[in-house]
Ligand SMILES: NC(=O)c1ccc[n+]([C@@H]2O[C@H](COP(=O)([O-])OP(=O)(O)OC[C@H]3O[C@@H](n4cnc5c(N)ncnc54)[C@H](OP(=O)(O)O)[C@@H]3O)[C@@H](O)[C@H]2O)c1
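Shown below, as structure tokens, is a lone chain in the form predicted alone; questions about how it binds or moves come after it.
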Amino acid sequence: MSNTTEQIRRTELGTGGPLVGIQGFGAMGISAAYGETDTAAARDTLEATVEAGVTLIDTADMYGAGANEEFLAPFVAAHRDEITLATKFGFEYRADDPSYRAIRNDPGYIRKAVEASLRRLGTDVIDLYYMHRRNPEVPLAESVGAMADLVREGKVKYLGLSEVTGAELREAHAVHPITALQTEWSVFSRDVERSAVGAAAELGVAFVPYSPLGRGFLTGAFADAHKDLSGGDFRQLLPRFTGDNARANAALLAPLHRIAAERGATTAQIALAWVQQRAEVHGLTVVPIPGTRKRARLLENAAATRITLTAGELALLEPIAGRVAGERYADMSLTSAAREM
């Protein structure tokens, strides 16, 4: 399928939310987590998002310990009125102790985190502010109440949550409207369908799937992380990318390859089309946020929004998630799935 700069369709991000492109952009990898960055190529890729109508730009304060937000700042300044800017709080790090990590949801930390993100991003308002991970020891009403204060103060426009269960989403939404729920969702990862997707549909909350390409695995480019990935790439630590798991998971892509070949598309485009069609299947807004450092890949991903899979094609893809070898993280304790097991 050809890749063009034709702008993608737009949709409302949840009930009363901002109008955004039907596909967003996950910016973590533009400067962090996947090894060395070609800065010029990365900045050109960011420019391509606006050209393609990919307007939901997603980052977090933990990506590169704030460096990702700083990297985005010039782009944000140049395109502030054209994009919907999303960032997240929740992971606390200490510069003097690289091994330290804590999940902070307390009001004092939230206020400190938003001020730091605003400064790094060079903006006076964050369009969509997510709680990145849930700390069950802090009452959800307390955390969401503090986030709601930021809306009232004009520092944040809309609220989001990441990796929460359906019950947690309902509890939070009762305190203040939640615009978007962000959790991993792909042909390989479907645990969100246990409760979170249904709750989001019921409440009018948009779903923002992160890693809709399985962190690149669904492109068909990997068989063994230790052979196929460069140094500094965090995927070398992920169970699905290593050893026998990687080889078994690569074999699961056969239906994706087949459909892609028949359509003249890429495997990645078929995987993204599957995620996009969850909107129709489950009756909610779905705005996946694939990431890339390459303009050509960005345009390829955006073109996937114009693919509609047939019932027969969807049936071929249906069993894959249940056969995937390995968890999506080595440590699943911070995921919503862990609180539903």
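All residue numbers refer to positions in the sequence shown, first residue = 1. All of these numbers come straight from a predicted model, not from anything done at the bench.
There is also a form predicted together with the named molecule; it is not shown, and the following applies to it.
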{"query": "4.5 angstroms heavy atom contact with the named molecule in the model of the complex for D58", "finding": "yes"}
{"query": "Residue contact check: G214 to the named molecule in the model of the complex, 4.5 Å heavy atom", "finding": "yes"}
{"query": "Touches the named molecule in the model of the complex: K294 (any heavy atom, 4.5 Å)", "finding": "yes"}
{"query": "Any non-hydrogen atom of V275 within 4.5 angstroms of the named molecule in the model of the complex", "finding": "no"}
{"query": "Selected contact from S162, T123, T242, N105, since only one has a non-hydrogen atom within 4.5 angstroms of the named molecule in the model of the complex", "finding": "S162"}
{"query": "In the model of the complex, the residue from H173, R235, R134, K155 that sits within 4.5 Å of the named molecule by heavy atoms", "finding": "R235"}
{"query": "Which of 138 to 146, 244 to 252, 96 to 104, 214 to 222 sits within 4.5 Å of the named molecule in the model of the complex, heavy atom basis", "finding": "214 to 222"}
{"query": "Contacts with the named molecule in the model of the complex - residues in 53 to 89 whose heavy atoms fall within 4.5 Å", "finding": "D58, Y63, K88"}
